[in-house]
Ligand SMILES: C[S@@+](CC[C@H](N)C(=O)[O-])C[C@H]1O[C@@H](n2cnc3c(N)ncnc32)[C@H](O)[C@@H]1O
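Okay, so here's just one chain, in structure tokens, the form predicted on its own.
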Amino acid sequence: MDNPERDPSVARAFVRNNTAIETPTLVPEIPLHLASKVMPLWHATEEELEQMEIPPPYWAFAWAGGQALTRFLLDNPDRVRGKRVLDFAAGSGLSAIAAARCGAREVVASEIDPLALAAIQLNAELNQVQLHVMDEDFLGRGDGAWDLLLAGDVCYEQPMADRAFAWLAQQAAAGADVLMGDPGRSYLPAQGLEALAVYRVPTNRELEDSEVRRTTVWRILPSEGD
């Protein structure tokens, strides 16, 4: 099999062939290419994926944090309308698609996984919205280019959580509205957050440790001293 990480057309074909079009439970308005229980991708182990030179398919699932964040955007479109939006570590592109639907002036969806980039593009086409899909790690950039930053479920590993949260707080200090969806991950910071909404998101026990995750949409406060 050709390596989907090196050929965008192979990546698009891989996403199409290993997903089904489904809607997330909390956001039935937005169909996505998602891994289904009937698809081999759902059952593949990390070792099998590694042998195929394929990174873990985080983009193929609608995680609770992203679903809650997206629900919040759709229910509060004035928070998005006319804004320049960055969906950081966008995964499937779910929140980016919602931002575009809510009338954002510009939406950038960033990812570093080539399969995620292909999935975001396919999901944008499926929902008939225009996104700028960028293969870029924005961590460390402080150019103040965004009015609204979105981050769904980024606190699942400590190094990622620490780097992402510090950068997002810097963006808040630069004047951006920074929103994060989190279902109580272990590495969610204890401070620097303001709760905006709470949702009960149905999940699958094969992916999560419970069938429902209490998930909060947080506003990240500016870093202290800025």
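Please read all numbers here as calculations on a predicted model, not as lab measurements. A residue's number is simply how far along the shown sequence it sits, counting from 1.
A second form of this protein, the form predicted together with the named molecule, is not displayed here; the remarks below concern that form.
The named molecule is not shown here, but in the predicted complex it comes within 4.5 Å of a heavy atom of A62. The named molecule in the predicted complex comes within 4.5 Å of a heavy atom belonging to Y58.
The named molecule in the predicted complex comes within 4.5 Å of no heavy atom belonging to L122. The closest heavy atom approach of D78 to the named molecule in the predicted complex falls outside 4.5 Å. Residues within 4.5 angstroms of the named molecule in the predicted complex, judged by any non-hydrogen atom, belong to 156 to 164 and to none of the other stretches in 189 to 197, 169 to 177, 22 to 30, 156 to 164.
A89 is the sole member of V108, A104, A89, L149 with a non-hydrogen atom within 4.5 Å of the named molecule in the predicted complex. Taking a 4.5 Å heavy atom cutoff to the named molecule in the predicted complex, the contacting residues in 106 to 138 are S110, E111, I112, D113, E136, D137.
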